[in-house]
Structure formats: structure tokens, C-alpha cells
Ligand SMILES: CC(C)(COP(=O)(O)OP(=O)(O)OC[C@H]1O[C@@H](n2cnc3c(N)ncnc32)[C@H](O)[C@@H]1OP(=O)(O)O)[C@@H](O)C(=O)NCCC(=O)NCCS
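Heads up, the chain below is alone and in the form predicted on its own; it's given as C-alpha cells.
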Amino acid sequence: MKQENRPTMDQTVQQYIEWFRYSSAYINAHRNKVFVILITGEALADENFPNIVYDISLLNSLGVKLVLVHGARPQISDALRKAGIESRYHRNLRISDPQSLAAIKETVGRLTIDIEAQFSLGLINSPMHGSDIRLSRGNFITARPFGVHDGVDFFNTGLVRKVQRDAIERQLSQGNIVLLSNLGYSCTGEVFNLSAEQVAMETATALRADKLILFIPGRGVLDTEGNLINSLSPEGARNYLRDHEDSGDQEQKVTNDALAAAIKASEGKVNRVHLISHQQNGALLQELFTREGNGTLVSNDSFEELRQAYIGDVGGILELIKPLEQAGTLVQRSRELLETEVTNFKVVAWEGMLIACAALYPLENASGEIACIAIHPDYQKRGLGRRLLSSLEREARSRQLERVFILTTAATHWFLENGFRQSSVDELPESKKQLYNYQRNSKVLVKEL
């Protein structure tokens, strides 16, 4: 029988130790920071919700100040259906008429109590043992009516009017987790049904939270091919939302609501908004305690630093180009050679790790060669190749070069799309022509600057 290549117990323990050591930097960075976390009604209903509770409890144990906001959209719809009450919507908002409001209050109250019960779990064989978590809830959200729009009265559907910031901060300073729901209260004693996304966004903005974390069904924001988009600027998020706002898919609607909240939170000076899956076990921890993350980050920050390479980058460059050398796409370079050529390289770093590189080699006759473009597999399809290419072309112009050449065996079309034209060995500068490897039969492309 064929043996499976499974890690041994010692290997598993060693991997755990290395991860724990690696995560210490993030533990220190997150301590005493304020995180607002939205747990949608869909997340509450998912079988993975107990694991989310465990992970949130761990954050609390590590000194993170937490505000939880829970929704109840599918639970309310289910309660109204069972009561024989039609769910009515306008402008993508539920109409909370007096008949519906009683069921809404009952449903939200039950969910809140169930959440408190989950965080009170302390069995000796559970991850919650010894955590002694205290949840605090109250009338922290002041609301106002949404009003009448297009002739439609929304009754007790409301908007956030004010977040009682000082009261919430007092609870956080005592080590309590603040629990908010999608209900708000008016100065006249009325109860309003709010969007949980808006409650989370307004709370994060009022508290100047370090992070707003939004649970969604999928693993993050996906491109048209189903690939995860690791990071978005607010402008990129707006463009994505514009392209997907008419989707009839329910999961996409939940993602759209979260993305709209992320954009508004970014405008409200919440610098980092994370969209992660409520279905994936450990997604929250992976997003917060690993460099690669898990979902989609919406931020005004540019975490990808494009800069000149220096001698300390040689090891990272070798790691990037090694798979391409093994595949025969790039010519092999030794460490010694790279150390002498490193000033020709530009690199892109993500939180200290090199994720892309490329080089410009000046040649005679006002020419240069762009070479060694390599991008880490986990960071492809993010436009890094074009950024590097544009940067090297700008540098070539600053050096008074008139044209740049590319020798490639696998990326001819990509370079043609970026303004290069096919050329021949005869057009290469003499020094490069003498070194041309006819056995590799690389395509020659040129771009006039």
C-alpha cells in the first residue's frame, strides 16, 4: 500500500512553534488596539460560528479591545415568514412596519442572548476555558427614522444618529467586550431596525478604530475569474461595487453591503477594513496573524513598496527567480553574480517580504536590457509586473537611454501588450549579440523610449 507523505508529530510541533514565534510581532502590534467586528446574521447561522467565538475570545485574551456588532437579516426574514408577515423592501432596506417590529425585536433579543451564552462557555475541554469574558450591551446607539422615500413609509427602519463613544470606551477600558445589535433607540423611546453594516461602520468611525472586520460568506472580494483580490484601495472598491451592484446573487449582495460599509469607513478615517469568510475555520486568525492574510483588505495605505534593491535583498531575489530558473524561463544567476548586479534591480516588498523583482542593465548605443522579471505566485495578477516595467522605463529615460530590449521565451504577448515590438538578434547591441544563446532561442523585443 502506498504511504502518504504526512508530516510527523515532530514536524507538526515544529511548524506550530515556528508559527507561534512568527505571530508574536502581530500579537504585540494588536495589543490595546480597537477592533470593531461585524458578525452578520448569516455568520451567526453558520456551523463555523462557534470557531469564530473561540477566535474572538483569543483576541480578547491577547489584549485587543473589541466591539462586536451582530446582524439578524436571515433570522428576521424567517421569523416574519413563520408569522405569516410579508418581508417588504425598498431601496434594498427592509420596511419595519409596526406588525413586523414586534417579530424583529423578539428575534434580535433572542440572538443577542444566544451570543452571550456562547461567550460564557467555559468547559474545561473547550478553548473558552478560563477566559472569563464579560460582554457589555446597552443603549449605545441612538437612531433616527429613515423616513418616507419615493412615497414609501419605512416606519421603524432607521439610521444611526449617534454612537455613544464615551460610554463604549469606558467599557473597553475595563476589559469588557461591547456587544451591539442592529437595533437603535431614539430620544423619544422608539426602537429602530438598522443596517448592521451601518452600525459597524459608524461605530468604527466614532471610535477611530484601528480595524473594522466584516464577515462575509465568501473568502473575500473575487475578480471575474474567481481569484481572491487581496487588497483594494477605496477607489478600487468603488469601481468593483459599480460593476457588481446589479448582481442577483445573495452572497454577492452580502459582500456588496460589506464593501459599501468598508468604503464609508475608509472615508471616516478607519484605515484598515478587512472582509473575511465566516465559513472558513480560522480565517480571522490567519488574516490578523500572518503576512499573507486571508481575505480582502480595503485600505488607503499602499503596503506594496517599490524600491531600489540593496545587498540585503539578494537572498529574497534568489528565492523569487529560483522557480523560473528551474523551469528554464530565466537564465541561472549565482549569488555572487547577483551581489555584483544588485544595484540594477528594483524590488517590490510587502511588509518586509520581497514579492517581485526586475532589473535594468545599461548597454552601449543608448540602449538597455530589462531582465529578470519575477513575481511571487501568491501575488500575481495584481499589476506588479506593469509597475516594475514602468519604473524601469522611467529610470532608463532618466539615464538618457533611447530604447530598451527584452529577451523572453514565455512572455512575448505580455510585452507586446505593453508597447514593445518584435525585433531580431541583429538589432541587439553588439555586446548583447555576442552573448545571445541560440539554443534558448529567446524572442527579442524592443521599445523606443
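Heads up, when I say rigid core I mean the largest set of C-alphas that superpose within 1.5 Å between the two forms. The shown structure was predicted, so the numbers you read here are calculated from the model rather than taken from an experiment. The first residue of the sequence shown is number 1, and the count goes up from there.
If you look for the form predicted in complex with the named molecule, you will not find it shown, but the lines that follow are about it.
Just one listed stretch, out of 220 to 228, 94 to 102, 329 to 337, 142 to 150, contacts the named molecule in the model of the complex at the 4.5 Å heavy atom level, and that stretch is 329 to 337. Mapping the unseen interface onto this chain, I133 falls outside it, with no heavy atom inside 4.5 Å of the named molecule in the model of the complex. The named molecule in the model of the complex is approached by F415, whose closest heavy atom lies within 4.5 angstroms of it. Contact check for R382: a non-hydrogen atom falls within 4.5 Å of the named molecule in the model of the complex.
Although the partner is absent here, R31 is not a contact residue: none of its heavy atoms lies within 4.5 angstroms of the named molecule in the model of the complex.
A heavy atom within 4.5 Å of the named molecule in the model of the complex is found for exactly one of V191, L172, A237, I375: I375. For the stretch 400 to 419, the set of residues having any non-hydrogen atom within 4.5 angstroms of the named molecule in the model of the complex comprises I406, L407, T408, A410, A411, H413, W414, F415, in sequence order. If you fit the rigid core between this form and the one not shown, you'll see the Cα of E267 move by less than 2 angstroms. Fitting the two forms on the rigid core leaves the C-alpha of R382 displaced by at least 2 angstroms between this form and the one not shown. Once the rigid core is overlaid between this form and the one not shown, D97 does not reach a Cα shift of 2 Å, moving by less than that. In the model of the complex, the CA atoms of A358 and I229 draw together by 3 angstroms or more relative to this form.
Note: Y22-K381 Cα separation is 3 Å or more shorter in the model of the complex than here.
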